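Here we start with a single chain on its own, the form predicted on its own, put down as structure tokens.
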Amino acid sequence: MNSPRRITRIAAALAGAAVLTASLSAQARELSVSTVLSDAFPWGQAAEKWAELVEERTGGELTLRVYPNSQLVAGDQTREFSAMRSGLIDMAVGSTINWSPQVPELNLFSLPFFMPDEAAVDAVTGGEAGEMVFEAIESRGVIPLAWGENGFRQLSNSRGPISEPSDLNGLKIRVVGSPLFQDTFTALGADPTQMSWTDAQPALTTGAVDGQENPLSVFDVARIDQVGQEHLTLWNYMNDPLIFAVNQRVWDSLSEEHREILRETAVEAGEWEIAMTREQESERLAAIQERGVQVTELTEEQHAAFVNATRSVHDKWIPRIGPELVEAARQAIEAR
């Protein structure tokens, strides 16, 4: 039979354990992270890497739960920024393209043929222009933390080789929900068709659209050649940076220590993903060619024809993006 003293000690121990459990539960916090692509792609791997680093550095006090395939916005990737701003999503690793309807400055990266190479992209994201873009995002209730990269976007289709603007005449090209993309492909004589990535592959399979544009990593992993996309043009017409970001109210609710960990791990995950994406580019191209895809590489003269055909897009969109931002980016590119 237990003595009153022993019962008291047991009760005290149980109470202490309950307090400790409650304390640990109060400290542990799960945050949602939205991505468009799963961890089969570098984009999704960037989000998983971020989650892994955060859990490790905070000792489990913060955990990031990644929701791929735009599932938190019912597959509509262009709603991701608005959902994060309103608090429906805590965090995201998102595309500048998908967020551009809400942050016009992000259209800087979609100006056709504006950024010629990876060094140009790095000069922009790592300089004054990159800071201006982050300020524009923060002014809209979202805290940007770091850059990632989806890569230069290439053009594929099921009809034939594309080496000059006239080859696009009348082709139905799937584009994301950004008006700038509509203007770009209209200027090239194509028939741009807006749809989410969720709807794109079925449309390519049925022939509802003739072509699409995406980085090589997406073309390769998604096996887009298996839905009739047998012709690929390497034209590097734009780069698609990714941004690691968090809702303003969520950010404000975190301790200074956790904020710093979120930022430093986002930077690490971004740098890791950018390096991986670029290193894999040549391997992906070789794999695509081995599967029988006909690849067209533009000559300088052919490239210039596409540049000239899309100048009107620059004239229309630079005022919307902001002349000062575009000029800061231009200077960074020239000085790279």
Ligand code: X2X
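In case it trips you up, residue 1 is the first one in the sequence shown, and so on. Just so you know, these numbers come straight off a predicted model, no measurement behind them.
Omitted from view is the form predicted together with the ligand, to which the following refers.
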Requested in this report: Among 306-314, 279-287, 31-39, 55-63, mark the stretch whose residues have heavy atoms within 4.5 Å of the ligand in the predicted complex.
Outcome: 31-39
Query - Candidate from Val246, Ile97, Val209, Ala266 lying within 4.5 Å of the ligand in the predicted complex - any heavy atom - result: Ile97
Query - Contact assignment for the ligand in the predicted complex, among Leu262, Leu171, Val176, Val73, heavy atom within 4.5 Å - result: Val176
Query raised in the report: Is Arg153 close enough to touch the ligand in the predicted complex, meaning at least one heavy atom pair within 4.5 Å?
Result: yes
Query raised in the report: Is there a heavy atom of Glu105 no more than 4.5 Å from a heavy atom of the ligand in the predicted complex?
Result: no
Query raised in the report: Does Asp220 make contact with the ligand in the predicted complex, using a 4.5 Å heavy atom cut-off?
Result: no
Query raised in the report: Within a 4.5 Å heavy atom cut-off, is Asn157 in contact with the ligand in the predicted complex?
Result: no
Query raised in the report: All three of Trp197, Asn214 and Asp240 touching the ligand in the predicted complex at 4.5 Å, heavy atom to heavy atom?
Result: yes
Report summary line: Contact check, 63-81 vs the ligand in the predicted complex, heavy atom within 4.5 Å, ordered by sequence, gives Gln77
